[in-house]
Ligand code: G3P
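Only one chain comes next, encoded as structure tokens, the form predicted on its own.
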């Protein structure tokens, strides 16, 4: 199995995260998937932004949920990163799905509902994916165990990942009991025993956020299903190095 390289919020070391600049750049650089974050606006439009508030990645302030999508579209979502990205904007999930649909890319949508329990976020995102016929190449992930349980009704046709940075005994079984059928973990939780358990349960495991050479090589060695990285161009090069060394 070849470990899939997934752009974490796009190519987020080279362009402002969760903007079309970052997504397009990740695609052009050879990433095999895109990871992005979804919050809900005041008028229930799913939009792509990591933080619950606007301050870090836009020129606005306040919570995403306090604004309509039309209001959020007016914000500058790029100048915080570099002046040449001043025309970057917050985009809707709908816009993103239209962009990604014709491309051969895996998609991971993280529901940002562990701090704010957005009403109906699970069903809104699921229906959007279904309408674009993207269910079969998408994973929905979340840190929220409540959200996993709500999503579990879709698990016969959708991959649902429990996302965690916390060490637990029998993590694979714990995720499965919640209703997840995939596991996305922080790199420090990765070990060969966990991977063996996941393989036995036929549960895909993907690792975040993997930006360093040694971490990437370890993920490749342990046959992780995917890595989320801010530097997909480096991950691709290092995977070639790993494959070369393995074949010597």
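Residue numbers count along the first chain shown, from 1. Note that the structure is a prediction, hence the values are computed from the model and not measured.
From this point on, the text means the form predicted together with ligand G3P, which you will not see here.
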How about residue 90 - does it come within 4.5 Å of ligand G3P in the predicted complex, if we only consider non-hydrogen atoms?
no
Touches ligand G3P in the predicted complex: residue 175 (any heavy atom, 4.5 Å)
no
Is there a non-hydrogen atom of residue 69 within 4.5 angstroms of a non-hydrogen atom of ligand G3P in the predicted complex?
no
If we define contact as a non-hydrogen atom of the residue within 4.5 angstroms of the partner, is residue 110 a contact of ligand G3P in the predicted complex?
yes
Heavy atom of each of 9, 37 and 143 within 4.5 Å of ligand G3P in the predicted complex
yes
Assert contact_stretch over 191-199, 29-37, 60-68, 214-222 against ligand G3P in the predicted complex, heavy atom within 4.5 Å, equals 29-37
Residues from 153-187 in contact with ligand G3P (non-hydrogen atom within 4.5 Å) in the predicted complex
163
